[in-house]
Structure formats: C-alpha cells, structure tokens
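Take a look at this single chain, the form predicted on its own, given in structure tokens.
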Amino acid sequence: MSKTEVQLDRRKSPFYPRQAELDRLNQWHEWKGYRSADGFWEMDLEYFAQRNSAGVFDLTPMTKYRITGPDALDYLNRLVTRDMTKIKPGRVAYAVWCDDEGQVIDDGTIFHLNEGEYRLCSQERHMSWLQAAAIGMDVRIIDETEDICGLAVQGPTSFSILKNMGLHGVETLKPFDLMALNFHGAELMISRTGFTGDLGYELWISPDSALHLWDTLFEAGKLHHIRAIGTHALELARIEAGFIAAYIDFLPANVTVRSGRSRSPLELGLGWLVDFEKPNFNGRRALIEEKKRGSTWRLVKLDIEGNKEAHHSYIYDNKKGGENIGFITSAAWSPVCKQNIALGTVRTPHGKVGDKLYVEIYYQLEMHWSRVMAQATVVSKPFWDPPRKRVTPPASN
C-alpha cells in the first residue's frame, strides 16, 4: 500500500460505508486527513444531478470551530472584515479574515447558533491563528470538526426531498437561514447554504446519526433522482456560481513566501464584505490605504469565445502584441450555460465590466497541441444564477 493510500485510510467520514457501496471509480483524495471522493459514477451525471435534480456532497472534512464566551461577538467582529453585529441568531454569514496587511487568510461561513454562540466553518485549519487573535479576550474556541458531520443537498428537488423527510419548517428558511430540529433523538441543524449557486441546503448532525440521516435522505429522494456527487462535479458548479476557492483562486496569506502572491478582499471582488464603519478589525488600516490608492489586482469573471477551456491561461489586453495583464485561475465549459467560462486575476486598471480581453489557450487533440487567442468579455454577474435559489418557500418538484 502506498503512502498516500495509508494516509487516506486514516480517517473516513461517518458516511463512508454508504459511499463505498456506490463507488464505481475508486478515485479519492485527502481533504484535511479525510477520504474525499473525486466522484462515484461519472462526473457529467453527478454534475447534472445538481442542476436537474439533487446532488449530495459530503461536507464532513470541513473545519468547524465552536466559538463561545462573553467576548465571542467582539472577537469575531475583530477577526473578520464583516460587521457581525448584523448577523442575528438563526443566520449564517459568509466572511473573510485577513492578516495585518489586509491580505486574505481564508474565507468561510459563520453560523450564529444561539445568542453568543457561533460556529466558524472553513476549508483550511486555523486554530493557531484563531487562538492568537483571541489574546486578551474572554472567548473559548473548540475544534469540533470530528464531532459534526455534514451533507450538502443541492439542486432544484432538494426542498422537495427534505419535505418528504418530514422536516417541518424547512419551507420557511430563507437563503442563509438556519434551524435545528429533532431527528429521531438527535439534533439536526439545517442551513439554506451551499457552494453551487443554486437552491440547496446543508445538513449537520452528530456522527452517531450519520448513516440514519443518509438512509432517510436517499429514501426520500429516490423518486427525485437524488445522487451522491464528488469534488469534480462540485468544482464545476462553484465556477458557474462565480465562487472563489482557496489554493485555486487565491493563496492564503499565511502560507505565501513571495510578496505580491496573496490578495486582499478588495482584489478578490469581496469589497462588499469589508465594513470600514467598524472601529477595528484585522487589516483595517491596510485596507483603508488600499482603497485610497487603488488595488493592484482585480478578480474578473470571463465569458470566453469558443469551447476550448482556458485552464492556466494568460490574459492579454489585446490580441496582437498585447500586454500580459493576468492569468486564469479557474476555467470550465458550462453545460447548462453553454458558455466557455473562467475566473481570473488581472492588473488594474484592466478588467472593468464590459472590457474585451484576450486569453491565450493551448489545447491538445490526438497528441497535437494547438494555440488560440480567444476574445473574452468581463461580466459582472455569476454565470449560473437561477431565481429559484432565492424563492421562499421554494417550489416543489
């Protein structure tokens, strides 16, 4: 057994026994010590489950920190750029946190569970940073990653499936709402959140009840074409939604070695998450200065001509003899949008909405490499943004 296989066998999600029964590909990777599936059947089938019915993704490896104590709110308000006083109990907030230079360390979601009680979820591990930021405050931070497992149920039939499970009250949840229910003696937390840009929910429960939740969910969804999905299908959906991902669209500031390789929230299109009215938060002074002088980089969403995906491509300001102004970070052909789409980062002042840029794409057909300079238009909205993701109560399907 290889070293990678040994590492992957160290920790399995509580949902793994059911996933193993479905697995036809045997393609797994390590996500913070857990086995996480690239896919189970075939990526296109899993992708379309999210867009046409319901896809279920295992969120268990996501890092989860319980934050409590008299200073919990003040602590989070200093940690993140967003004004957390506006996030009431029963709500979820998307947020970013920065170092003192205003560079993004990570993004994540903050669940306001009860008055003064929060859960911070993120892709990466951050206990050392969270503890350092807590110096001088009366706050308690507990890593509960292994104590809570989760499933993302995403797609147009997700609401109908949860309704079939008898989860009363789900119909009242607005986007970024959360609620807790009794599920056969266990607390089940449901949040109307997700990483697909579509109607969807996330279910959170203790590992002891994981298999019962899985079985009940899939029984309720069998007539709605529910399907387990892997990372590859989810990745395509998140690009269509215009969502950024750490280590793909930006590098966490606390791991970069070279200057200029990290990004600020203003450079990542997340200026709406920065509340300069707050008296103090990590990176505030640096971000104020950046706002005055202007940012160096700008995140762009690109609609690219043709159908050749622009993975790892350079971006130019014009077609012939143009200046290299940036590069693609995420790219895909969108099956539902019928568009060649990408996220990229370009030097300002380039990249304004409506700008016409060019992308240098290399592609291979039967071992023969070709090069094309494809025109790209900077767009403002997500590529996939269906109205159903906002409707409350959602339509039954």
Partner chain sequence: MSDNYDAIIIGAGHNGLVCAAMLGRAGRKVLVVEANDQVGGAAITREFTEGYSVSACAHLLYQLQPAVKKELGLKLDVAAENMATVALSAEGQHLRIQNDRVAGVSEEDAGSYRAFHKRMTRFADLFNTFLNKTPPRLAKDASRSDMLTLVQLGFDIRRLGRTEMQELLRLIGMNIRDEVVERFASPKLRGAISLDAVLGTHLGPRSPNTVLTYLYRLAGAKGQISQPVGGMGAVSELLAKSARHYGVVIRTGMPVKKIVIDGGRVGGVETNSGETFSAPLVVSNADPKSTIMCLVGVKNVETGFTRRIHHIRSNGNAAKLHLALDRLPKIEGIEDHEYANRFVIAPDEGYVERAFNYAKYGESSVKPILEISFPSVSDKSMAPPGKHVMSAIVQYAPSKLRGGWTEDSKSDFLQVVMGTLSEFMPNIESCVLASELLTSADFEKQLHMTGGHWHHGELALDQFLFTRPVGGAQQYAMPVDGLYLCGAGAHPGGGVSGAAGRNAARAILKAEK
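Numbering follows the first chain given and starts at 1. Computed from a prediction, not measured in an experiment: that's the story for all the values here.
Only in words, not in the display: the form predicted in complex with the partner chain, which the text now covers.
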(message) Please identify the residue among Asp317, Asp177, Glu235, Asp74 with any heavy atom within 4.5 Å of the partner chain in the predicted complex.
(response) Asp74
(request) May I ask you to choose, among Glu171, Asp100, Glu117, Asp143, the residue with a heavy atom within 4.5 Å of the partner chain in the predicted complex? (result) Asp100
(message) Please tell me whether any heavy atom belonging to Phe327 falls inside 4.5 Å of a heavy atom of the partner chain, as the geometry stands in the predicted complex.
(response) no
(request) Answer with yes or no whether Thr216 is in contact with the partner chain in the predicted complex, where contact means some heavy atom within 4.5 Å. (result) no
(request) Please check if Gly283 has a heavy atom lying within 4.5 Å of any heavy atom of the partner chain in the predicted complex. (result) yes
(message) If we define contact as a non-hydrogen atom of the residue within 4.5 angstroms of the partner, is Ala133 a contact of the partner chain in the predicted complex?
(response) yes
(message) Can you tell me which of 149 to 157, 123 to 131, 235 to 243, 262 to 270 lies within 4.5 Å of the partner chain in the predicted complex, counting heavy atoms only?
(response) 123 to 131
